[in-house]
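Quick heads-up: it's one chain on its own, the form predicted alone, in C-alpha cells.
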C-alpha cells in the first residue's frame, strides 16, 4: 500500500469515526425530546401497550387540547414572552456597557469587580432568596423611602431593576462575554474616532456598538432562553401569575381534576394517574419549548456566526 493510499484510508477511518461520535452524541441529546414528542401523541392505554414504542397506534391531540385549556396557554405565552423580551433587552443593554467599561478602562478594583461578577455564577440563588425577596417586598430606594417602603413583589420591577443594574439571572456570564468581545476589538477603531472629534459616548454608540453585534446576539439569545425557562425567580416575585413554567407544573393536576367518570382515563389513581400525568406533561413541555425552537430556527445562522466570532467555541 502506497503512502497516498494509507493517507486516504486514514482519512476515511477518521471521517467514519467522527461521524459515529457525532451521531452518538446527537442521539443522546435528541432522544429525550423525541421520546417526549412521541409520547405526547399517545393516550394512556398505549403506554401499557408493549408493542407501541415510538409511533402512537392512534395518534391524538387530546393531550394538547388539555394543555391548551388548563395552562391557559395563550395568556401564559403572552405573559412569558413579554417578561422575557423586556428582561433580555435590558440585560443586553446593561451587560454591554458594563462589559465595555471593564474591557476598555482600568481603575483600582476593576479586576475585583469582574471576579465578583463571574463568582456570582456559582452562588446558588437559594442563598440570597430571603434577602432578595425582602429587599423588593420592602423597597426603600437605599433608605430614601425608609418610612414608607414600596412593595414591588408581584410586578415586573424586580426583574427590571436587577436587569438594568447587571445583577440579574446569569448576568455575570453576559458581562464576561461582552468584556472578552470588546477586549478583542482593535483599539485603533477608538483612536480613529477620537481623532475625528468623537466623544466617549459617540465612539461607543457609533463605532464600537455596531461592531459588537455578534456578542449582542449571543447574550440576547442566552438571556432569552434562560429567562423563558426560569421558574425560581418568576415564582418568587410573580407568585400567582400565569407563566409557562408555573402553568406546566400544574397542568396535569388541573386536567385530572376535571376528568369525568365516562372519560377514557376515568380511573385516576395509581399507575393510571402517573401515566396520565406523563402524557399531559410531555405535551405541555413540547408546547413550552416550541417557541424557543422557532426562534432558534429563525436565528440559527446569526447565532452560529456570533458564537464563532465571540470565541466561545474555544
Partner chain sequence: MAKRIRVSLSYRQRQIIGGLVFTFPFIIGFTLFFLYPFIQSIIFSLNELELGASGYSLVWQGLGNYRYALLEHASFNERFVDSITDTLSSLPMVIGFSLFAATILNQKFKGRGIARMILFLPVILGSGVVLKMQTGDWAYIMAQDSANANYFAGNALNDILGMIRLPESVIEYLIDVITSSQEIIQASGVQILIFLAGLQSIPGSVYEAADVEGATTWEKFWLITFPSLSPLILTNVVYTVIDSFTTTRNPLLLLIEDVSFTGAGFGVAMAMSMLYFLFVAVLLIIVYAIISRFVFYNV
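For clarity, a rigid core is taken as the largest C-alpha set superposing within 1.5 Å between two forms. Numbering follows the first chain given and starts at 1. The shown structure was predicted, so the numbers you read here are calculated from the model rather than taken from an experiment.
Although not depicted, the form predicted together with its partner chain is the subject of the following passage.
Proximity to its partner chain in the model of the complex, defined as a heavy atom within 4.5 Å, holds among 150, 89, 192, 116 only for 116. Only one of 74, 124, 210, 240 lies close to its partner chain in the model of the complex, with a heavy atom inside 4.5 Å, and it is 124. Each of 106, 167 and 300 comes within 4.5 Å of its partner chain in the model of the complex, counting any heavy atom. Taking the partner from elsewhere, residue 231 is found to have a heavy atom lying within 4.5 Å of its partner chain in the model of the complex. Using a 4.5 Å cutoff between non-hydrogen atoms, residue 79 does not count as a contact of its partner chain in the model of the complex. For residue 56, no non-hydrogen atom is located within 4.5 Å of its partner chain in the model of the complex, even though that partner is not displayed. None of the heavy atoms of residue 45 is located within 4.5 Å of its partner chain in the model of the complex. Residues are counted as partner-facing when one of their heavy atoms sits within 4.5 Å of its partner chain in the model of the complex; in 12-38 these are 17, 18, 21, 22, 25, 26, 28, 29, 30, 31, 32, 33, 35, 36, in sequence order. Core-aligned CA deviation for residue 14 between the shown form and the other one: 2 Å or greater.
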